[in-house]
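Taking the form predicted on its own, here's one chain by itself in structure tokens.
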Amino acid sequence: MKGPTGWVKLGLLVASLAVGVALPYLVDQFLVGIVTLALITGLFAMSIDLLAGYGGLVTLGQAGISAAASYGVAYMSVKAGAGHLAQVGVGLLAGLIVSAVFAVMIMRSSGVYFMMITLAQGMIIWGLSIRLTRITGAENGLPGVDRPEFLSLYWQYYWFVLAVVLICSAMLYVIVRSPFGLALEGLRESESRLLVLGYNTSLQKFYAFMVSGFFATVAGILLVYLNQFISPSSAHLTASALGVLQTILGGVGTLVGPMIGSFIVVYLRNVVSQDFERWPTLMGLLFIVVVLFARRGLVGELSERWRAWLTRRGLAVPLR
């Protein structure tokens, strides 16, 4: 890792890891729970960013995938009384099957058509979660999902979530810098040019959706064990839109941006809302300000300003 930018990134990463590991010793149980939730929803937003930020494919049905995984875990726990390995296995299978079905449906679409189809897909899962009463519990949901004994305490589960999110983040980092990741960027820039180069763009979309769906599935499994409950609201359009909002706030196409956006949104919804009744208005104003004055998102804008500062001091070559 060379240059001042590389050293700054390394320093921020080490500092973030140190704070993350020590967090249960620094704050109370409530704030640890807030950070745990932010990490999980951040992973969910990163799965959206893989499609939207790198592939130019904005999805509004990602919550349907994560909810399918959550329902798989909850059903095996509450209804079938199965062990935790079976719960996680069924959750993974449910999420990946839904991802595959969705991917086949959208692999030949793009642009606004892609977005509208994924919106409909997510609402199908939401509708099924209400209609399949014996499986999903309808509006009442499925309460009483038990965590493994070694993750029963809040700080144990927090460290587990932190480890899983770090592993998934490393995997995403490798993916976006692989030939597949470069092909995704080509898909975002010009699908027709990618076709000329000999790529099967429909197959690229299928692969991208499956990879994105895998990380959404992991987020869904982590979320249902955190809440120990699942309801149809987890599959609603609002949940998908919130993930897109987190991605835009933090910075589309940055990976770390969606995580930062997640922390902001979770903090507003769960902490600020206790003292400020009109917190949705505050979140809307924040979103408008970011769109107007930081179109690259918070991370993208800070990166651009940092690069400009280095360029003025002759420490970096200006981008052309």
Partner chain sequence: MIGAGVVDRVLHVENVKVRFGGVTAVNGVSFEVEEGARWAVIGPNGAGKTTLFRTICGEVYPTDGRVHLFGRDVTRKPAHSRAQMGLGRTFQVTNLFPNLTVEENLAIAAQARSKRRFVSWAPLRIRGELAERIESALSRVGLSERRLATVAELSHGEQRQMEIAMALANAPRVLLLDEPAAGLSAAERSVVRQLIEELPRDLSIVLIEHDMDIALELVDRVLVLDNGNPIAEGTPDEIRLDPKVQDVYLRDE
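Positions refer to the first chain, counted from 1. What you are looking at is a predicted structure, and each value in this text was computed from that prediction instead of being measured.
Keep in mind that the form predicted in complex with the partner chain is not shown, yet the notes after this line are about it.
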The stretch from 176-184, 98-106, 85-93, 213-221 that lies within 4.5 Å of the partner chain in the predicted complex, judged by heavy atoms, is 176-184
Partner proximity in the predicted complex: Tyr207 to the partner chain, non-hydrogen atom cutoff 4.5 Å
yes
Decide whether Leu151 counts as a contact residue for the partner chain in the predicted complex under a heavy atom distance cut-off of 4.5 Å.
no
Residue contact check: Gln156 to the partner chain in the predicted complex, 4.5 Å heavy atom:
no
Whether Val112 contacts the partner chain in the predicted complex should be assessed with a 4.5 Å heavy atom distance threshold; does it?
no
Stretch 196-234: residues contacting the partner chain in the predicted complex, 4.5 Å heavy atom cut-off
Val196, Leu197, Gly198, Tyr199, Asn200, Tyr207
